[in-house]
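Listed next as structure tokens is one chain, alone, in the form predicted on its own.
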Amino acid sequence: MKENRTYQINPNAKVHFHNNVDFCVGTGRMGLALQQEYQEQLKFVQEEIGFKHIRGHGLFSDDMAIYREYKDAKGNVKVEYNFTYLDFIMDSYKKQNLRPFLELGFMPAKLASGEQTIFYWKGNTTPPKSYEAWCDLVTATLVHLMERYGVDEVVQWPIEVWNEPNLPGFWKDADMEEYFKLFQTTFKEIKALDKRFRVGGPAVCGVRDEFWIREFLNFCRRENLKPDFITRHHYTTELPEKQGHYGYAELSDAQAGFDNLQTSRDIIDSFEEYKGLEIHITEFNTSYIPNCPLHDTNQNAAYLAQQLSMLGDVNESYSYWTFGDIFEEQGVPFTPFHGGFGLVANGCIPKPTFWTFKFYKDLSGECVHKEEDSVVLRTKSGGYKGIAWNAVRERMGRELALSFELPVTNEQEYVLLTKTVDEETCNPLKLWHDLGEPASLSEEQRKLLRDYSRPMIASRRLRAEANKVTLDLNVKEHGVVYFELQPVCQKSDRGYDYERVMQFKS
């Protein structure tokens, strides 16, 4: 089934498109950065895409070994801090040109008021037994970072207080008043250290998010707190169905998700003193579980292409959860393609969604077109860059035939460059399946999968007629196509004749 759509582009149109795709990306718990495969995946992501910030859980979890207690000679309990692993990790981020987006959590076991934990790696999710000791921990950590990396540098790192306190698994009993206490004490402590620090919350996800954001701002109003930004999360699948190691989830309606994000904007703007306050989506993906096969598919890539075109409409930033598949919330995965959150599968194999992010990072210019299937920007050189996608929630056999009428100023030849990611051209999941779904890849298999995990690149010449170039794209179901149209500046060497080389002349 082919569906034809034609768009006449107005080169002077001013279309709202806030493309902040590279602002931040998620990681698993921070301690995973000590692994070699983690660093190889991160290096690859930074070389190809290049994010500015990175956010992860577990800054204060026991595997980071920051918070330590001991008894002195008189038997009194004393506190000391160990920043060895923190330095290793922060140094590695600096090497990759990344700044942390610091999430303060989880609770060190010795400082925790209870024993509730979450995940395979047992992050403690209870309030501190001593808020004074918690504030001392936060301050000591920030002071150490400021001494090591410079005050003017570290105050540029955004700080988020906790993660998803509206969910009882992440904050004991989802106790709203206790979270507000945590936020207030932490916020004041950080601002007392250096008022330039930017601190936000409440990092809510899903459940009663509207209520939490409104009550959070009511609390801040009562206590005369001025958070620097609001944070929330955004996932777009229905409840998963468990089968073996996996959870199968169906995509939810994209517009319903955008409408939900709009409610956050509306709530914030209803408070005069907080109107216009930045919203940072510090986690987003399709499914919220790390074992959803959807994450590895071309369908995921196409659906997220539409998401990325619109997430900046009411949000300052949106951080994909996560850059790679070194991730252990539900334990160590059994296979390279296990439905992990990452843009990159283990073995440093880019998934189709990886290229969606790469395509958006490569966009530049003024946006002149944005629809449910495409976005187009006009470049300074008089050409165009754009992305087209064919996103469907359920397979229906639809192919999109998109035609863009692009006005140009010069009657000359243009070069059209396309990069295609679809189920036929860039689908490592299918190749892995055809190879027998090996759990442990040989070096030959890994190389083969990486080779097949790149977009199909094509080019052709188009000539302008009546100050217009017509660009036709066929986008297969679950496909994403990046394109550039630029004027040709021919610089042939003396005597070189391409048509003669290719035997195009009779």
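When you see a residue number, it is the position in the sequence shown, counting from 1. Just so it is clear, the structure is predicted and the values come from calculations on it, not from any experiment.
Quick note: we don't show the form predicted in complex with another copy of the chain, though the next part is all about it.
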- prompt: Thinking of another copy of the chain in the predicted bound form, which stretch from 279-287, 188-196, 151-159, 241-249 has heavy atoms inside 4.5 Å of it?
  reply: 241-249
message: in the predicted bound form, is there a heavy atom of another copy of the chain that lies within 4.5 Å of any heavy atom of Lys430, even though the partner is absent here?
response: yes
message: Quick check on Glu48: any heavy atom within 4.5 Å of another copy of the chain in the predicted bound form?
response: yes
query: Is there a heavy atom of Arg446 no more than 4.5 Å from a heavy atom of another copy of the chain in the predicted bound form?
result: yes
message: I'd like to check something about Ala401: if you look in the predicted bound form, is any of its heavy atoms closer than or equal to 4.5 Å to a heavy atom of another copy of the chain?
response: no
- prompt: Of these, Phe271, Tyr131, Phe211, Phe334, which has a heavy atom no more than 4.5 Å from another copy of the chain in the predicted bound form?
  reply: Phe334
- prompt: Looking at Thr379, Gln262, Asn82, Asn97, which has any heavy atom no more than 4.5 Å from another copy of the chain in the predicted bound form?
  reply: Asn82
- prompt: When you measure heavy atoms, are Phe17, Asn315 and Glu372 every one within 4.5 angstroms of another copy of the chain in the predicted bound form?
  reply: no
Partner contacts for 389-408, taking another copy of the chain in the predicted bound form and a 4.5 Å heavy atom cut-off: Arg393, Glu394, Arg395
